[in-house]
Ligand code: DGI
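Presented as structure tokens, the chain that follows is alone, the form predicted on its own.
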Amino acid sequence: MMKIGIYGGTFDPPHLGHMEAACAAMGHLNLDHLLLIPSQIPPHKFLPRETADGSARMEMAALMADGIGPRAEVSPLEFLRSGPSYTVDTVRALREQYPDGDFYLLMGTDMFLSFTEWKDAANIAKEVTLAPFSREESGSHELFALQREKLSGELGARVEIIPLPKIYPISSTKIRHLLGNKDTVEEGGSHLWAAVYGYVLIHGLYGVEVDLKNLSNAQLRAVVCSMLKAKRIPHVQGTEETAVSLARHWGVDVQKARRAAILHDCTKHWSLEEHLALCERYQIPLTELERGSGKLLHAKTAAVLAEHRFGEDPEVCAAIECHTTGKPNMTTLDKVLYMADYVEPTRSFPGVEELRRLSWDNLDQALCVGIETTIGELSEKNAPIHENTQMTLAQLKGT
């Protein structure tokens, strides 16, 4: 039987407290699946004036679910219904969707202690195990024990208390306030999963006002995180770390190397159609090989966004554009980004350690080995090789 957690809320915005609680529930209950279900119209409270619209809250919750892991996902159930988002209706719909599901309804302390006041509480209790979060520092153990006994006796409820190791002292209300003040935007963002913060910045939610062409390094990282799958983020972080180290070693502008590394894969998960549309919009010339390959196009479209959306220096954009294929007459910055992407700490392939060492000893030789390795892998797959890659290798070898 599949163990499924149900975690509802306004998620306005979803913050690190929500994320920590969700991860604690997955571990304590050994859940097979976790559903984050944003409320359309919560019956227990009024939505404030600055509330993000439903689609934004859904997307932020989806970003947080991606950060939690592959067993978590966001569900639109309560947005597919009109009227208040009553839990009993959601549970009934989930029972139809998962007839053999073993449901655990996650909830905060206040919700647990007032559960008998919920609409059709008895029917909810028949379908789910109540799973309230108990903050170990809150001293609510006695209240929880009494409520568990009461709900068991009156409703036959099953209760599984989820201990939280620490109190996360922030509310969505406070975070919205911090985000809406230009002097505390960064502080507000510090309470959000990076991808959620980036989404807030891009869309100007909660009164946030930032110039996308003048973002701090931290803001740019967050914005890029919102454009990526969570599994790609460690690679980008590793590329930034490596690019900065190599830039210092080879006398390259560290800030340019950092910004190029942060942005180099920002369109990695776009569809081929999205890549082609952006290239058409900015009249980027493409070869036939490029037109059929998102892997090749992501370097071009990331460079376009770096220039036109984020206002980056031309040298940064040029390095991003050639980080996949290389190009003749590469600058040292171009080479630094290419090799940082190739040998950053999460990379694991035969010979990577030697290539890392070579990147510090002889950058051109490292680039040559890297390109030869790439060409060899493509040849084994009978895949076409980009002309820039071939010309770069020929130039490096002096042929």
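In this text the structure is predicted, and so the values were computed from the model without any measurement. Numbering starts at 1 and runs along the sequence shown.
The following text describes the form predicted in complex with the ligand, which does not appear among the structures shown.
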Using a 4.5 Å heavy atom cut-off, which residue among 191, 268, 300, 256 comes into contact with the ligand in the model of the complex?
268
Within 4.5 Å of the ligand in the model of the complex, heavy atoms considered, which of 235, 148, 176, 221?
235
Where does the ligand sit in the model of the complex: which of 316-324, 94-102, 125-133, 203-211, heavy atoms within 4.5 Å?
316-324
Using heavy atoms and a 4.5 Å cut-off, decide whether 335, 357 and 365 all contact the ligand in the model of the complex.
no
Test of understanding: in the model of the complex, would residue 295 fall inside 4.5 Å of the ligand by heavy atoms?
yes
Taking any heavy atom pair closer than or equal to 4.5 Å as contact, tell me whether residue 378 reaches the ligand in the model of the complex.
yes
Might residue 347 be said to contact the ligand in the model of the complex, defining contact as any heavy atom within 4.5 Å?
yes
Any of the heavy atoms of residue 18 lying within 4.5 Å of the ligand in the model of the complex?
no
